[in-house]
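A single chain comes next, written as structure tokens; it is the form predicted on its own.
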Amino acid sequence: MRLQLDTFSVRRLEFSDRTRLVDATLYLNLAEISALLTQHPAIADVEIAITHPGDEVRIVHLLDAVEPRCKLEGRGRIFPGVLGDPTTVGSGSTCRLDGMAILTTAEFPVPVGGLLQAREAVVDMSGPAATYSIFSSTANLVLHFVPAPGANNADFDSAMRVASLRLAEYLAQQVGGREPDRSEVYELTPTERDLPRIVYIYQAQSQGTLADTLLYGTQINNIVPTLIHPNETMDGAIVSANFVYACFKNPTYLHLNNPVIKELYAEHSKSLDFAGVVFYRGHNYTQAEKQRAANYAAKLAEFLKADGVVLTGEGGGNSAIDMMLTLQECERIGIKTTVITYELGGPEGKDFPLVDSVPEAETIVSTGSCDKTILLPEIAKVLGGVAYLDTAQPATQAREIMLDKVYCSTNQLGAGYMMAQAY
């Protein structure tokens, strides 16, 4: 597969009479966008707002983030299986709008308790909390969806996803005929030197409505680990439908812009031979299912003749067990491992930081502790809702929160701004 990714930079968003990109400003026709977003009967209305880095704005009830993209050449359509047929993508050319994100927010019509519920997810565009989310540095088109009377959670969820992905495609299509700011080609070319072969073992959460991941439009609940080409991720083959934990979820934006895949590509033919991606579901429920997934993923890495693997996860403790079992099996068959994971450790960092660990896990990269607390200051403007989901406190008020409620703060793909310091 050979994919050319054409990038158009967006620095500002403004409402206008016509949707177009001019000098890094994306002008948006509000009526046109609203009509596109409200086609499904499960959606009663959508509130559309714009916010930029540095604005005194708080965004709450965040569900997903999407970067505008569309196919220019090659087989298939962007976000295959959701917007069109599940045609294999990852070849040809694709357009992306860099520097902006479409952020979807909502409150689901049917209250859900227990583990699998849409939890509060916050981004501050300025102030002390802004540095904990990458989406404080993007120009954001914030969509707040309102469910139609009688709509159920599954239909409302699906309707929002299709609407936001259609908008992402439509916005990217508006740059047709212009020269991109830059173009990059992604291809797993044969290496001329004898370099270590590295496989990426890429875990995603999928447990049902509100905690799902889609591969070519289908939930991954029952799949065994499978081989995918890294280019497929850049064309939207993986779409998030997971809203359980704000801090370490993988939104669609990061499936499109996976930092691990980008770094492995950057070093391909230089310090390593990027051999491919093994994609699999975390949060298996039984020990037998966990062992099956771990053994199967390690087998595929061995099939790709991996010398080493990088592992990432998504979700809480159950996913960590799955990841460590996979790591252990890789080490058992002679494949070296590096795992990227969040920490716990309690507010003061005195508790054990990992949910699970094995003796073979000798190289661990931390994305930070989601148990740390920060102060959200009082703020004048809130988008996405009025009050916090967990406390019903007005979202404009000051509040101390744990980082587990800050959107992507300790994301296990390494997309955050956290750093480790020895002292």
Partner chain sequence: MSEKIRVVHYINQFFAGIGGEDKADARPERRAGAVGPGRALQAAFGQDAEIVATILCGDTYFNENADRVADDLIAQIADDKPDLIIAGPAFDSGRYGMACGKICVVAHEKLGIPALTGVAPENPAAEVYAPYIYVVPTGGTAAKMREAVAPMARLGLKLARGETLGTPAQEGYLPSGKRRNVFVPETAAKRGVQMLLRKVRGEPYETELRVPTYDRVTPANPVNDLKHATIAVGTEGGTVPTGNPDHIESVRATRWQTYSILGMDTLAAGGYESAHGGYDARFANADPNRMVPVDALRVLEKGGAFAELYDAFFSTVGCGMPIATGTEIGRAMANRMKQEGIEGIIITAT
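Quantities reported herein were computed from a predicted structural model and do not represent experimental measurements. Numbering follows the first chain given and starts at 1.
Below, we turn to the form predicted together with the partner chain, even though it does not appear here.
The partner chain is not drawn, but in the model of the complex it has a heavy atom within 4.5 Å of residue 367. Contact annotation: residue 358 falls within 4.5 Å of the partner chain in the model of the complex, judged by heavy atom distances. Proximity of residue 332 to the partner chain in the model of the complex falls outside the 4.5 Å heavy atom cutoff.
At a distance threshold of 4.5 angstroms between non-hydrogen atoms, residue 363 is in contact with the partner chain in the model of the complex.
Not one of 6, 73 and 123 comes within 4.5 Å of the partner chain in the model of the complex, counting any heavy atom.
The stretch among 190-198, 154-162, 137-145, 226-234 whose residues place heavy atoms within 4.5 Å of the partner chain in the model of the complex is 190-198. Comment: the partner chain is not present in this chain, but in the model of the complex one of 260, 300, 82, 210 has a heavy atom within 4.5 Å of it, namely 260. The listed set 99, 353, 180, 217 contains one residue whose heavy atoms approach the partner chain in the model of the complex to within 4.5 Å, identified as 353. Applying a 4.5 Å heavy atom cutoff to the partner chain in the model of the complex picks out 402, 403, 404, 413, 414, 415, 416, 417 from 384-417, in order along the sequence.
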